[in-house]
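You are given structure tokens for the same protein chain in two forms, set apart as structure 1 and structure 2.
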Structure 1
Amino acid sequence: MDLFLQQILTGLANGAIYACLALAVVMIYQAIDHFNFAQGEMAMFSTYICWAMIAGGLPYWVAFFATIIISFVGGLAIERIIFKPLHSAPVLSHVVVFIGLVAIFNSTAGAIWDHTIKTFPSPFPDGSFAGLIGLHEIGMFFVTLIMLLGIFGFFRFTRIGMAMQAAAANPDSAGLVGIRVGWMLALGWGLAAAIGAVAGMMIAPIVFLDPNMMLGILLYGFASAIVGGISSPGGAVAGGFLVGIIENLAGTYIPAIGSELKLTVALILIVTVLLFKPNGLFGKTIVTRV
């Protein structure tokens, strides 16, 4: 039983990582109606920027907020500079550009800050809660919760949040009610990059900082967002914790799996969930009359 509890808590701790990134995934999805495969690498790059600032002598929180602002502007710039000219290109072409961005960020980070693994400071005290779960994980949980509330409020109660959803869902109609669709996309990119940056800075103390830190985690982030329901930020967070727990329990209790097949099993479980709940566990079913 102790082992079980321990595994659940470890799962929750990992889940906090996935939930954090899943939020960024949902954010960009609400804004551009697609996944951004470069999201993980953008978050990684942001985290390096923060690391460089801290290494340069800035206090943690100054670097933290500066990174958020830089990431926001960077995300905005990527949309305006790279994607704006491609608005009429097919979606599959956009996916290729995402892949291109992944390669660029990954490789550039390696070239600037080399490939050695770096430690990244946590803003929370060392130690753990009753020896079961680290204080950093608990802190991260609350950061995720704050972001979740922020995003929820933004989409639900602000004019701009609603306009952003409208622009993503139906750009033509959005223009016809006076929404500047292009800038909504850019804003969505900016916000997603900023949230990704927070996720990166929260994750890095656990997984350490290196250019490839996000490759695996982003997959879990996507999976969490999809399992929870891509249209629901709350679902994404719940999905994150669920994926974390499933992954750990499967790895521990099914002997044939062990740690080598953990990822596979998690993915298969996720796909199974989707077969029965195709809109995710918490996603709204979208009804459209033909």
Structure 2
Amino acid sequence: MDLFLQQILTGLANGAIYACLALAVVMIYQAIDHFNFAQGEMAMFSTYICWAMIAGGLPYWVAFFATIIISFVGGLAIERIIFKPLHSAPVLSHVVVFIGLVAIFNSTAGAIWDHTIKTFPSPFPDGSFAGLIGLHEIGMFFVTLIMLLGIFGFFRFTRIGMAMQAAAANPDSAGLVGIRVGWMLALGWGLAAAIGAVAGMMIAPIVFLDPNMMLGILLYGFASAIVGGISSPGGAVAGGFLVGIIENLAGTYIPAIGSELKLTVALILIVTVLLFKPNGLFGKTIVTRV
């Protein structure tokens, strides 16, 4: 029983990180109808920025919030400088740009901070709670949960948040009522980059810091978005927690999977959901009239 409870709690903690990346992925998808394959590399680069500030003497939480601001500005700039001119470009053009961003962020991080694995500090004390889950995992869960609740409140109760939702859902109608659609989409990019930065900074003490640290985590984020529903931000968050729990339980109780093949669980979930419920568990069916 203790083992089962331990895997559930750890799955919730990991799922909070997957939920963050899934939400960031969904926000970009709703803005441009494409997956942001560079989301993990953007989060990794932000995590390196935080590490550099901490190494330079800044307190952890000062560097943490400074990194969020820097990431927000960086995401907004990427949309304004790179993707705004590509608004009407073919799908292949977007894919090529995303691949280019992956290579740029990865190689630049390696060139600045080298490719050696580094330890990233945790703001939470060592130890565990009742021997079931580490204190960092508990702190990681609550930090990401607070952020997710804050984002929900932002979209639900603020004029800018509601304008961003309207711009993503129906740009033409939003523009007719005076919403500056282009800037709303840019703010979405900035917010997605900031969310990814939080995910990177929270998971780095567990997976350690190197330019490839987010590759597997991003796959879990994609799986979470697809399981929950690529058209539903709330569904993507729920999908993150589901994926976290399922991959932990599968790795523990299915001997053929173990800890080495947990990524396989994410791939199986993606294929299964696409086969039987293409819109995700909480996604909306989009009907187009012709």
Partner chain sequence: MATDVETRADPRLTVGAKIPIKLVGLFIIIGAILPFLLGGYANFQGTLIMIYAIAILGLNLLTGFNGQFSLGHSAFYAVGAYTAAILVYHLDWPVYVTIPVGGVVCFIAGFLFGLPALRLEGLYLALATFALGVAVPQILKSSHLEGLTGGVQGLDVFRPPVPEFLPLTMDQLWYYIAFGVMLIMFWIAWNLINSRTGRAMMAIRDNPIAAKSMGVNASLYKSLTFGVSAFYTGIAGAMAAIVIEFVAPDSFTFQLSILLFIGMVVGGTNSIWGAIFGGFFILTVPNFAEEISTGLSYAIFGVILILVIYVLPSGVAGLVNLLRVRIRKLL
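Rigid core here is just the name for the largest C-alpha set that superposes within 1.5 Å across the two forms. None of these values were measured; they are calculated from a predicted model. Start at 1 and count along the sequence of structure 1; that gives the residue numbers used here.
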query	finding
Pair member that is the form predicted in complex with its partner chain	1
Is_shifted I28 between structures 1 and 2 (CA, 2 Å cut-off, rigid core)	yes
Large Cα move at P233 between structures 1 and 2, threshold 2 Å, rigid core	yes
P125 C-alpha relocation of at least 2 Å between structures 1 and 2, rigid core basis	no
Core-fitted comparison between structures 1 and 2 - CA shift at V273, Å	4.1
Cα displacement of L9 between structures 1 and 2, core-superposed (Å)	3.9
